[in-house]
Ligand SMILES: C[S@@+](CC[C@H](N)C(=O)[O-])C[C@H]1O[C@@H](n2cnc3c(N)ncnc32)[C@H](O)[C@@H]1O
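Just one chain is shown here, as structure tokens, and it is the form predicted on its own.
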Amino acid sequence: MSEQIRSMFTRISPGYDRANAWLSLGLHRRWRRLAVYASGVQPGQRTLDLATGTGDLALAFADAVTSAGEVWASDFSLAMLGRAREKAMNTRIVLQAADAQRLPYRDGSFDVVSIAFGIRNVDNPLTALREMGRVLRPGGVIVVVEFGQPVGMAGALFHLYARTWMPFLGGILAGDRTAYRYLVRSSKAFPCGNAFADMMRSAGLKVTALQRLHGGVVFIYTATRLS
């Protein structure tokens, strides 16, 4: 699965940002701001963003920690990292190719560890969550942003939009309708809400907050290490 996902992100990397902006109706910027706020990050701290893609969340953390802090960001797709490097050229963000399941960082290295819309694309999410906990310092914060499965009328409208318009627009904006069909299927199948919070607990984390946005379209989870 990993190589298939890597290949998919390589294909859509040129149009990824444009597709994100349109498909989220511009809400992706607000989701990033809320994730940074939820982390409680402070100037001077050291943060790590996993599955960083083209680096937007890492850039938001760079603004928050100021020049006194450090932002590291990793992704297993070299094509995505190439796009991130272009955007981070005049920043102090450190970009590195890495698999979220095997992080090349020392234990307790970071004050904040984040991943946005990437945990569901990992072969073993539980392993990735354990790795996030390992590299987090005691008292630090893990932030996970991921799609959910809204219900009711809002859910029906969202699923209609996701099933029809997202692949159509993804095909136009990123040139790969199949990739966006996969992204829709994977978000629909991935555990959300309390089910994902339970997964975080199974990884040895203490869940501190679960924020449900737009009726469950997106969730922001925060957690700390148990010890």
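Residue indices: 1-based, along the sequence shown. Given the structure is predicted, the values throughout are model-derived calculations rather than measurements.
Below: the form predicted in complex with the ligand, not depicted.
Novice: Select from the listed residues L129, A73, L136, A116 the one whose heavy atoms reach within 4.5 Å of the ligand in the predicted complex.
Specialist: Looking at the other structure, the residue within range turns out to be A116.
Novice: May I ask whether S109, A197 and Y221 all come within 4.5 angstroms of the ligand in the predicted complex, judged by heavy atoms?
Specialist: Heavy-atom distance to the ligand in the predicted complex: none of the three under 4.5 Å.
Novice: Consider M80 of the chain shown here, and say whether it contacts the ligand in the predicted complex, taking contact as heavy atoms within 4.5 Å.
Specialist: The answer is yes: M80 has a heavy atom within 4.5 Å of the ligand.
Novice: Determine whether any heavy atom of Q101 comes within 4.5 Å of a heavy atom of the ligand in the predicted complex, and answer yes or no.
Specialist: Flag for Q101 set to yes.
Novice: Indicate whether V122 is a 4.5 Å heavy atom neighbour of the ligand in the predicted complex.
Specialist: Flag for V122 set to yes.
Novice: Would C192 count as touching the ligand in the predicted complex under a 4.5 Å heavy atom rule?
Specialist: Contact check for C192: no, nothing within 4.5 Å of the ligand in the predicted complex.
Novice: So which stretch, 51-59, 36-44, 154-162, 184-192, is the one near the ligand in the predicted complex (non-hydrogen atoms, 4.5 Å)?
Specialist: Correct option: 51-59.
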